[in-house]
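Below you'll find only one chain, the form predicted alone, shown as structure tokens.
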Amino acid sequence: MIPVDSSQVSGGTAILAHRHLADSTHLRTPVPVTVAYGDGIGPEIMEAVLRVLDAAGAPLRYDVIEIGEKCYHQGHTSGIAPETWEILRRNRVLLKAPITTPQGSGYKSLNVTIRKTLNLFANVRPAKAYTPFVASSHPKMNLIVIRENEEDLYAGIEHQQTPEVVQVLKLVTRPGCERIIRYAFEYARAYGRHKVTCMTKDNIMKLTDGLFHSIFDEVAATYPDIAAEHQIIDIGAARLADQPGRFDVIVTLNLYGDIISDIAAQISGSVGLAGSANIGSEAAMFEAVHGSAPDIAGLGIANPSGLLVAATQMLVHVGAADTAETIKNAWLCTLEDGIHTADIYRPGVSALQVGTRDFATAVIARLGQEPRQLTPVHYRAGGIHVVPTPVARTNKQLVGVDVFLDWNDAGRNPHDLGAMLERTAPEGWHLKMITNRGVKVYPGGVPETFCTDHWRCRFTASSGGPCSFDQVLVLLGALHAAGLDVIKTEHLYTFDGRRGYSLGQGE
């Protein structure tokens, strides 16, 4: 089984892995690991971390790749050259320093690209206070954010549809929801944690976030030994910032998880101390939570702790649990002894302010020691493997279509548009409503509602029953012939009679 950090109950940072590798005491050959030095402060902190790994005798062999800003400027829009993927796929483990994504609409997030391409569905970010050595308003804070890593708005599917309106598609899948939620409960069980909190915004996004919440309730019922609760993300984030002790394990969708994990890291003491594990069934990526900080690049003052903590997570993943334990305890001793970089230095608490290289040297000097006040890190066996339940096929029926128009006639009077559509719609179609930015403006509506040039026109079959794709084509042809600019359509379906689309506000 995979070594697991038993101190997670009191603040360890290792991650359960999927790959069944032996403990490093049985590793005869070094494990190949892909290393990316990154941009900004990346090369400095990576050099410091590799020094610590080598000094601790980590059974690793490094394959260095170039990703990030330089690759972007070479014309690779995702920040990675095509041939680099073979190295990543061969080694299946990546230790990555922060990278810089150039400004501009032509560049895609490298992190998102790697996570989605290699199916790294679980992002695990521990957040723990190290008081009194690192300042925190929440000295007993110790929680885990488990973030869905591939779906949601991070699909990055965006379109400009009119001169005034752009859209982004939020994609949420049943297998994706179930996989990350089961992972969170299995993680809680393996690490002896007692509660899992789900955070969504399903009071507004009733289908997407509603799916995540409903699957959470289904999965929670199969873990009676673990308390389960749901909170709306806005109040949940506020409570996290004010009372983090209320939380143990938090599981949530991609965007929310990105935001609240940074909140959790910051209020625990410093984002600079937080590591992040991106775990899939076949591969994994380990990185610091913070960015590339180009404003301090080259000054030798960056804190390498976040990447070092991520490296200990990586060591547990590849089976080198004893080495991870040695390094993590030495790091805790360094914090206890007041050897601090500028970001966490406090007069009267810290003993010495050091730069990146000297901090790594201090950790190396303490290898083999255990902290006196902070909880030492120790490991036990464990592992997580989750398989989503197959989705049963349902009776899916087409019952209508939302037709989106770019319409900018003088006055933008929705009643003028409604009258035109009523006259234009072929026999068999009923114009149920028109919305603008989601608000119903026809029939009915009030003049105070602000309207853009982007209109959703909902048509359903006059019979009240199902319709056919051919009928949709006839409708679109009639609208086009009338000079209307159709920019998008969304089919309206029912699944076993259940409505598979949202109502308009005011519908």
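Treat the numbers as computed from the prediction; the structure is a model and nothing was measured. Note that residue numbering follows the sequence shown and begins at 1.
Although it is not shown, the form predicted in complex with a small molecule is what the next lines describe.
The small molecule is not drawn, but in the predicted complex it has no heavy atom within 4.5 Å of residue 251. Although the partner is absent here, residue 96 lies within 4.5 Å of the small molecule in the predicted complex, judged by heavy atoms. None of the heavy atoms of residue 353 is located within 4.5 Å of the small molecule in the predicted complex.
Of the heavy atoms in residue 149, none are within 4.5 Å of the small molecule in the predicted complex. For the candidate spot formed by 111, 289 and 294, every residue has a non-hydrogen atom within 4.5 angstroms of the small molecule in the predicted complex. In summary, the region of this chain contacting the small molecule in the predicted complex, judged by heavy atoms within 4.5 Å and restricted to 302 to 310, 129 to 137, 187 to 195, 80 to 88, corresponds to 302 to 310. This chain lacks the partner; the member of 100, 375, 231, 281 within 4.5 angstroms of the small molecule in the predicted complex by a non-hydrogen atom is 100. The contact with the small molecule in the predicted complex, taken as any heavy atom within 4.5 Å, belongs to 343 out of 343, 406, 336, 178.
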